[in-house]
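Have a look below at one chain only, the form predicted on its own, in structure tokens format.
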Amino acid sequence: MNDTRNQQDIYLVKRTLSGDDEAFSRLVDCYKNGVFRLVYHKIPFKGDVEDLAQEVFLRVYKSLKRFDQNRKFSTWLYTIANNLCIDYLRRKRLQSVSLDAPLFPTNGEKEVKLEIPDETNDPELVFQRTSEQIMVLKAIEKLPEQYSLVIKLRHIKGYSYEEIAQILDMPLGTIKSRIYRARNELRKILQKGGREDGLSSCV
């Protein structure tokens, strides 16, 4: 059944690329419910789900020429949807949020406060961040994407391990492992920065 479905998908892809927009509408009809469910479970801001689901198909349409027709269309489609959700979370939830929460509130470790100013604040407030805060933020950006994202979700946004696993659609064990490794990598970056800049280790 899956092979038949994919053969039909590839046929519709070819028809779309030849200029048949009705063929793309049929693809949308086949997958709109699945895409909506995927987006709904990943995005906490439910009012944006429908718009984001539509954006998925817009991105699919624009990228269709680059689709490898030897691949399974549904896998390619849901990969685009998943990546779009991650991009959305980074834009919507990891930017322009005022907070003052411990970065690493674990036993025996020094807590580092992060304060990310809202864009509507007085510009002078932006410059009140300490050198440690700036250094930590820069260090997070140096992490590989898979590590920086979980660090931001856990220690800046304050989501639980379970919530992060749901947001990223990954096993709980994988999330815990990534956060553990991300902390170690961040600690190395900060220690290196501390030696080079004369600053003490922050983590």
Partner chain sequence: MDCQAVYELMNRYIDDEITPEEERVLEFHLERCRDCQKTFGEFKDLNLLLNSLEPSKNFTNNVMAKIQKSKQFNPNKWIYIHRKSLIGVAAVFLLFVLVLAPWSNNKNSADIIISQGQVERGITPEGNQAVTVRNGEVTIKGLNGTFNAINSQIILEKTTADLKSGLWGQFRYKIQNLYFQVKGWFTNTFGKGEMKNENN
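Take the two forms, find the largest set of C-alpha atoms that superpose within 1.5 Å, and that set is the rigid core. As the structure is a computational prediction, the values presented were derived from the model and not from experiment. Residue numbers count along the first chain shown, from 1.
Omitted from view is the form predicted together with its partner chain, to which the following refers.
- By the criterion of a heavy atom within 4.5 Å, Ser148 is excluded from the residues contacting its partner chain in the model of the complex.
- The closest non-hydrogen atom of Asp29 lies within 4.5 Å of its partner chain in the model of the complex.
- Its partner chain in the model of the complex is approached by Asp51, whose closest heavy atom lies within 4.5 angstroms of it.
- Under a 4.5 angstroms non-hydrogen atom cutoff, its partner chain in the model of the complex lacks His41 among its neighbouring residues.
- When contacts are defined as a non-hydrogen atom within 4.5 Å, none of Gln8, Tyr11 and Ala165 contacts its partner chain in the model of the complex.
- Residues are counted as partner-facing when one of their heavy atoms sits within 4.5 Å of its partner chain in the model of the complex; in 162-186 these are Glu163, Lys176, Tyr180, Arg183, Asn184, Leu186, in sequence order.
- Once both forms are fitted on their rigid core, the CA atom of Ala182 lies 2 Å or more apart between the shown form and the other one.
- In the core-superposed comparison between the shown form and the other one, Ile167 has its Cα shifted by at least 2 Å.
- Core-superposed comparison between the shown form and the other one: the Cα of Ile43 travels less than 2 Å.
- Panel note: the distance between the CA atoms of Val49 and Leu172 is larger in the model of the complex than in this form, the difference being 3 Å or more.
- A shift of at least 3 angstroms pushes the Cα atoms of Pro44 and Tyr147 further from each other in the model of the complex than in the displayed structure.
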